[in-house]
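What follows is a single chain, given as structure tokens, in the form predicted alone.
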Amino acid sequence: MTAFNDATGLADWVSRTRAGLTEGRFPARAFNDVDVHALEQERLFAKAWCFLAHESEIPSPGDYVTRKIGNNNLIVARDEHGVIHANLNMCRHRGNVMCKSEMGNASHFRCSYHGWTYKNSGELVGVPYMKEGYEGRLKRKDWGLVAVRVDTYEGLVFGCLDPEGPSLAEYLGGFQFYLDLYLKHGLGGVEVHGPPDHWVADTDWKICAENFAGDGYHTPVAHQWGFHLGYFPSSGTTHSQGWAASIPGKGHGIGLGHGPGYPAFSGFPDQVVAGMKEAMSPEQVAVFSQIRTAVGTVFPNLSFLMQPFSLVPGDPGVRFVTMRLYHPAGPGRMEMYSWCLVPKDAPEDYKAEAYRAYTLAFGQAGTFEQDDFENWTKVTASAGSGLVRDLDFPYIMGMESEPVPEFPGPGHVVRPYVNDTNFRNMWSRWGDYLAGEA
């Protein structure tokens, strides 16, 4: 892929891309380009609220995980008072990586280079040869780990590198209504079931984020075996039914697939259904009880999926929830994190069954996951070829869709579930950031 000649050329490309969206076009080049990747680092991941961890990953004082926002490595830790912090995983002395494990428990982090030591809150507490070497000139309070803004919603921990940006609630902009479908499975909420699956793939993060913003279009084709063999309780003739909901100007979107005749909340145990009805609003219960499949993305790179999956072909499906993070690791390359979420108060046998269904379908060796990555890696490779520079993809499905007036949820909601409306909204917000207007 040839790089843009200068910053003006890249800015012009961003401007043309935004204009093309009004006609339902989006350039293939966006999915594998070194300059686009660099601009995303500078203007998108430096500004947006990005998912870091689920609170249940770090339940006890001292628990931590290491995660990233853009090209920044962070320690997400719960301190001795129960407060969650996110700090840059870099010693302030000479820049060494402080914590080299992906998860663990520690009251302090000590640099392996010169021994500077910090509390898990990020406060600098230990400097070797402090009196002899620094002669009273170094103030420990001035050299703590670099802190990142942190906020939470229903157990989801987000971080933001921009100290002046909007609050998390403003950023989500009403998408919380739809997030509750995945998170309010009882008054106790949900928890992760084990550590995340974590792998690297030659795929652009945006392809995955777009797919999970509501791409029901690919399911009967890419995953057709699931229909034919009886693992997935739908059919090609009814699969498109349902709603596509997006939050205009925010980039978030969700596809709500409706299975005609499918029993309400089927695949969940009665105890969990009772908990959902208690934790959700009547409007949420009225809508969500009809849903077979729900696939959504919190812009830019956090996604969820809830669907039933039969452990034995033809048997009633077990409903599971997966949460996934697509971390950009370079042009056309990403790190994938994938979790199984289970209701905290659910019976242990259901948690085990839900995890089994998730693993078979969407774990790193899962059947649906393999189907998707086979396609996503090839899309990324195509996008990196020389002839792709001036090619667009069509995003014209549902250009004339009218909002569904009676739908009780917020945002722009249209029928059917198979629709490009969510994707146009997502790429519009992506364009706002790359143009420096968000």
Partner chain sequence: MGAVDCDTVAAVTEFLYREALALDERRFRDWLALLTDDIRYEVPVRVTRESLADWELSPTSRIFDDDRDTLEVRIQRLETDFSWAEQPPSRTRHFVTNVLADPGEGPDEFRVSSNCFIYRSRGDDPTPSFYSVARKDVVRRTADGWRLARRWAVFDQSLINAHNLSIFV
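All values derive from a computational prediction rather than experimental measurement. Numbering follows the first chain given and starts at 1.
The same protein also has a form predicted together with the partner chain, omitted here; what follows describes it.
Chemist: Name the stretch: of 22 to 30, 372 to 380, 39 to 47, 400 to 408, exactly one has residues whose heavy atoms fall within 4.5 Å of the partner chain in the model of the complex.
Modeler: Checking each option against the 4.5 Å cut-off leaves 372 to 380.
Chemist: Can you check whether residue 217 is within 4.5 Å of the partner chain in the model of the complex, heavy atom basis?
Modeler: Answer no; every heavy atom of residue 217 is more than 4.5 Å from the partner chain in the model of the complex.
Chemist: With a cut-off of 4.5 Å between heavy atoms, is residue 194 one of the residues that contacts the partner chain in the model of the complex?
Modeler: Yes - in the model of the complex, heavy atoms of residue 194 and the partner chain come within 4.5 Å of each other.
Chemist: Does the 4.5 Å heavy atom contact test between residue 199 and the partner chain in the model of the complex come out positive?
Modeler: Although the partner chain is absent here, residue 199 would touch it in the model of the complex, with heavy atoms inside 4.5 Å.
Chemist: Is residue 188 close enough to the partner chain in the model of the complex to count, meaning some heavy atom within 4.5 Å?
Modeler: So residue 188 does not count as contacting the partner chain.
Chemist: In the model of the complex, does every one of 103, 228 and 312 come within 4.5 Å of the partner chain, counting any heavy atom?
Modeler: Yes, the whole trio is in contact, each within 4.5 Å by some heavy atom.
Chemist: So the partner chain isn't shown here. In the model of the complex, which residue out of 272, 161, 222, 279 has a non-hydrogen atom within 4.5 Å of it?
Modeler: By the 4.5 Å criterion, the partner-contacting residue is 222.
Chemist: Looking at 262, 153, 143, 355 here, can you tell me which has any non-hydrogen atom within 4.5 angstroms of the partner chain in the model of the complex?
Modeler: If I apply the 4.5 Å criterion carefully, the residue I get is 355.
Chemist: For the stretch 279 to 295, which residues lie within 4.5 Å of the partner chain in the model of the complex by non-hydrogen atom distance?
Modeler: Sequence-ordered list is empty.
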